[in-house]
Structure formats: structure tokens, C-alpha cells
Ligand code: HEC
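Shown below, as C-alpha cells, is a lone chain in the form predicted alone; questions about how it binds or moves come after it.
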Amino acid sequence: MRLWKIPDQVIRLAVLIVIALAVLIVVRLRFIPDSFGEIGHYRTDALKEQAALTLHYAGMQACIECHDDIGEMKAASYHRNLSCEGCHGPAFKHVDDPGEFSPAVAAGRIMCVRCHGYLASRPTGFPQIIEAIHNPVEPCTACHDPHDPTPPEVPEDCSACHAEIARTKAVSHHWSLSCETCHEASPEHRQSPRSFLPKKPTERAFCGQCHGNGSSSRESAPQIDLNEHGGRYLCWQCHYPHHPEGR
């Protein structure tokens, strides 16, 4: 009578399973901290270690408790989402002993240009300057209160924020057109650009006022048959309005 033999591959698999279980047991006993799992999938002793660390930052709420007037001003300004310690540095010692420790006061221009120095990758409308030509040498705080950095004079010209577009338009056939010719912008846009975005035309007929056949508004402008030219596409899907192709 022939006895049934366990296949070799089953034996190998069983050996691997036994080894894996042994490794898990050793790891659990030797390497996993005793406090792991007491309050969930977490090492409980880590809370005690964090609590024992030296505190450096106090948090904005601690600053406002004493400087409530500045806090109210900042809460209504463009810097309302910035932490006080982002500019003044760690303030825990100052909160704990105001007479002995004073927070750092940013001087010069280095701190401000970290955010407001010109970078093409920053959002359109974000206040930016070229440090070398924007009131050189003068500290930013000579004109701007950091807690309420509203400009001394709100820029009237769109180029204050959209300089690259303004330079492009200046050498195009649309150089004589004001921005408001094509864009409807509310007065609030100048105060809060990203909250009140300007509008742009959504119909081909808008461009047709100057470029449609028979248009008398600008006789020198290139004119086309709106029914034939471009089909269903909007004009600015082929022509960049700030620098349309030459005639």
C-alpha cells in the first residue's frame, strides 16, 4: 500500500510561514515599544517625550491676549492669515517673561521680500516688487505698516500688478486700448484682487465690434466675417488679445 506523500512545495511554503511568524514574534517582543497600542495604533510614550521638549513658539492667540489692538488691526488686513511669530520669531520666552525677553523686530527689507520680491511663479495679482528699483535703501516699514500693509496709495494702473501683460500689450496693435475696454473690473478688485476677479468677454460678437465686417468703430482694424472666420471657436482661442498677430 502506497502512502500519500506531502508535495515538496507545500513543505517549503509551511517552512516560510513558520519563519515569518517567528520573525513577527521576535520583532514584537524585541523592537515594538511596550506602550504601543495603549491608546490605539500609536506609541503612547511619544506624547510624554513631546511634552518634555523645550517650548519655543507661543502661538498667535497668546500674542493677541496682550496686543489686542494690533490683533484687531491685523485681523482686518491682508496679513490676517500670517502668524505673528512668522515675522517676530519664536515668542514663548517673551510671553513667559515680557520684561526680560523682547520679540525680534524685522528691520530693513530682507523679511518682506521673501514674500513680495518679484517671482514669475507667484499668483497674478499678488503684490510684488523688484527690490532694486522699488524705493531702494528705504526700509519697507517706512511706507507700509506690517500689521496693515495697505499701500499708501492704491495703484490706479493695472500695470502695478500685471506688469508683464502691460509690457506685452504696449508693443502690440492693442497698445492704445485701455484694459477696461475688454475687462470689466469692480473697484473691489484693486483692494482684493483674487476675491473680485475681473470679467472678460465670452462672445465672439465683442471682438466683432471692431473686427467684424462693416464695423465703423475702428476702420483701421483688421476685419473678418464672423460667420465664416474661426467657426465655433472664440476669438481668443486663436488670437492672444494682449498681442494679436499683425496684419
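Keep in mind the model is a prediction, meaning the values are calculated, not measured. Start at 1 with the first residue shown and count on from there.
Beyond what is shown, the protein has a form predicted together with ligand HEC; the following relates to that form.
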Exercise. Contact between P222 and ligand HEC in the predicted bound form at 4.5 Å, heavy atoms?
Worked result: yes
Exercise. Using 4.5 Å between non-hydrogen atoms, is D8 touching ligand HEC in the predicted bound form?
Worked result: no
Problem set entry | Any non-hydrogen atom of C238 within 4.5 angstroms of ligand HEC in the predicted bound form | yes
Problem set entry | Proximity of F36 to ligand HEC in the predicted bound form, heavy atoms at 4.5 Å | no
Problem set entry | Members of 170-191 lying within 4.5 angstroms of ligand HEC, judged by heavy atom, in the predicted bound form | H173, H174, L177, S178, C179, E180, T181, C182, H183, A185, H189, R190
